[in-house]
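Before any questions on how it binds or moves, here is one chain, the form predicted on its own, in structure tokens.
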């Protein structure tokens, strides 16, 4: 879907075979009923395919296929959406990017190397209400991080904390004393979330990630990347739902005629195709800009603005489009036996995982206003 170069096409083909073989719909449904969905051996295989290295600079052990690692990773995100696949793809890559870009040499030789090899997964605590107090031996962190994906499977969580120099990042080992996890229920049954409580967690001074007071700016950059990955998943889910519906209306008959021979059905399918192509186009363009380093500007044409606009639009209309696919399937569509619900759940989650469509619309508005003031 998003592969352009020959290298990307080979990467897409290899990754697609892996995802398709491991996560057919019946297995995804079985995992939804399982107590745990994370499988460490499979994740190590995924890491061997290159899924964990794409957002990390070569100097830190990573590397991309095309020179734009985010555009490469978008290929994998779309496959996850197309199959409603589980796995710590987002959080692990976001933390890998943070450590590869801002982390110390020790962090890159330790936690980052574990992540790149697939021996550890990580989580991004983007909804953090934590404070840090410096001690003689390091830092003591307390507070709560809401809705952390894969927290029970992760070895590390990247958390922003309030401290005297401003908002800063720390890397917290989830096995540290004082860390408690509370499981949450979610709309996507193969994506698991936990609230993480930090009660006087003592960390060494080496736990700081990046410059002190830089977490607000860095979180904005990570949000740009996360938005592009969410757009890729939603585009993949929409693509799959549309393909299923296209096949359905071509092969189901009503009053002796195939459903797709009726004008109303034709119009609805055309509208759905427009939504699919819009999602794919904005995801690809946002990945191009954000991944090439054009994402942090305040202009309305920046990658940050485009990623925000994409989340505002696709986050609102993507779930509606899949709902329409369900309606076009008739009675079977509204039952739990219809696989379209897997993709609806995935899209609803992605649309709200890092902020609601309305919040992204407000973010876009602030960028446009800032551009007007600067002009």
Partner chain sequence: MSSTADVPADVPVEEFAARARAWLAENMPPADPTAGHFFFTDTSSRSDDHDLVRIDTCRRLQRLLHDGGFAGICVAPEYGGQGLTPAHQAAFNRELRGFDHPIEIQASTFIPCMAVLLEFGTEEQKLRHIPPMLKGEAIWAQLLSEPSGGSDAAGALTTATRDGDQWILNGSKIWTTGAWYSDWAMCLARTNWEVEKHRGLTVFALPLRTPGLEIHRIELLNGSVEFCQEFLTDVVVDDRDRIGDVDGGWTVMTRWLHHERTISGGSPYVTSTGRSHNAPNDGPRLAAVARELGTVDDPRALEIIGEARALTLVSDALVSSVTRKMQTGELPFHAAAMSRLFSGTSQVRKAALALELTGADGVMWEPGDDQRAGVGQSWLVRQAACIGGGTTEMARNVIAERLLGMPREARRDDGAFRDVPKGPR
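Source: prediction; values computed, not measured. Positions refer to the first chain, counted from 1.
The same protein also has a form predicted together with the partner chain, omitted here; what follows describes it.
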(message) Please identify the residue among 137, 274, 133, 292 with any heavy atom within 4.5 Å of the partner chain in the predicted complex.
(response) 274
(request) State the residue from 55, 65, 46, 348 whose non-hydrogen atoms include one within 4.5 Å of the partner chain in the predicted complex. (result) 348
(message) Does the partner chain, in the predicted complex, lie within 4.5 angstroms of each residue among 146, 313 and 333, using heavy atoms as the measure?
(response) yes
(message) Just checking whether residue 260 would be counted as a contact of the partner chain in the predicted complex - the rule being heavy atoms within 4.5 angstroms.
(response) yes
(message) Even though the partner isn't displayed, in the predicted complex is residue 285 close enough to the partner chain, meaning a heavy atom within 4.5 Å?
(response) yes
(message) With the partner left out here, check for me: in the predicted complex, does some heavy atom of residue 270 sit within 4.5 Å of the partner chain?
(response) yes
(message) I'd like to know if residue 31 sits close to the partner chain in the predicted complex, meaning any non-hydrogen atom pair within 4.5 angstroms.
(response) no
(request) Select, from the options 22-30, 322-330, 38-46, 57-65, the stretch whose residues sit within 4.5 angstroms of the partner chain in the predicted complex by heavy atom distance. (result) 322-330
(request) Would you give me the residues of 174-188 that have any heavy atom within 4.5 Å of the partner chain in the predicted complex, in order from first to last? (result) 183, 184, 185, 186, 187
